[in-house]
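Shown below, as structure tokens, is a lone chain in the form predicted alone; questions about how it binds or moves come after it.
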């Protein structure tokens, strides 16, 4: 039997230790990159703390006659938390390009979309864990307010349990939107500014100028994902007040989901068809 020059193995047989990149290996590599950067852990902790502090503060000013529910008190910190989730996704999406390691990564993993898929997986997982911890922290932080004048968290209220789940879903969606924008724009500043315009600034500007056109545009922005955090009564009130499309219970989730898919699709197209400059 013929052997290689070193005489270590039969010629013509592939070395099992040199198998190409697999989805599992890429996922592990992307997870290692994520957790090895200390600032990512601090970002997650900061997001949890900011969510709990914001919800606790807002809960102190809620009264039963305001029409707010106990679920809103717990999830109200999302107004600040979404910035943290956006930044998390943006950092994952841009890190390869800002550090100059993109060429090395894609030389090791020629299937570029496999790397993007791994980044989607680790970003979703990190956002999911962070959102669950933030939701638990908010529940504990708002306990004094809900024991006082703020409405109690009542799961029997239609849509209350869904609103809690919606906090987690919307958080993951914002993180994936940040990832897609980061992979598409490749610059952290551009990504974060663009994401804030879509999620916060644009929504607030349009809300300050209600009308059929502005309400329609506002309904089609990814900020509509915040509707997932509302119970049935709050959603009905929003639909009754708008001059644009009435999105109903799951419309907001469909809008932000479509944004995530479109942006990730655009990022995948650029990653596959263009160079790494």
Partner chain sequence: MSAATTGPHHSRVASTPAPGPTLGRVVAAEWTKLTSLRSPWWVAAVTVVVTGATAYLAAQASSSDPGYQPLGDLTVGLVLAQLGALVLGVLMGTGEFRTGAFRTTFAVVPRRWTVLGAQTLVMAAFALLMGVLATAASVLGILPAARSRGIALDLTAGDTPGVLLGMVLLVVGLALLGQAVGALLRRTVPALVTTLGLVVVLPLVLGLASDPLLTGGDPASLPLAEEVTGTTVLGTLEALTPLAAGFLMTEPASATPVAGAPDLGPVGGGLVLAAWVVVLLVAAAARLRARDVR
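Bear in mind that the values here come from a model prediction, so they are computed numbers and not experimental data. Numbering follows the first chain given and starts at 1.
A second form of this protein, the form predicted in complex with the partner chain, is not displayed here; the remarks below concern that form.
Asks: Should residue 237 be classed as touching the partner chain in the model of the complex when contacts are defined as heavy atoms within 4.5 Å?
Replies: It does: once the partner chain is placed as it appears in the model of the complex, residue 237 has a heavy atom within 4.5 Å of it.
Asks: Residue-level question: is residue 67 within 4.5 Å of the partner chain in the model of the complex, judged on heavy atoms?
Replies: The answer is yes: residue 67 has a heavy atom within 4.5 Å of the partner chain.
Asks: Looking in the model of the complex, any heavy atom of residue 188 within 4.5 Å of the partner chain?
Replies: Residue 188: yes, in contact with the partner chain in the model of the complex.
Asks: Is residue 54 a contact residue for the partner chain in the model of the complex, using a 4.5 Å heavy atom cut-off?
Replies: Contact with the partner chain, yes.
Asks: Check for me whether the partner chain, as it appears in the model of the complex, comes within 4.5 angstroms of all of 58, 83 and 87 - heavy atoms only.
Replies: Yes, each of 58, 83 and 87 comes within 4.5 Å of the partner chain in the model of the complex.
Asks: Counting only non-hydrogen atoms, choose the one of 203-211, 133-141, 116-124, 147-155 that falls within 4.5 Å of the partner chain in the model of the complex.
Replies: One stretch meets the cut-off, namely 203-211.
Asks: Heavy atom within 4.5 Å of the partner chain in the model of the complex: which of 184, 192, 168, 163?
Replies: Partner contact (heavy atom, 4.5 Å) among the options: 192.
Asks: Who in 89-109 is close to the partner chain in the model of the complex, meaning a heavy atom within 4.5 Å?
Replies: Heavy-atom contacts to the partner chain in the model of the complex: only 91.
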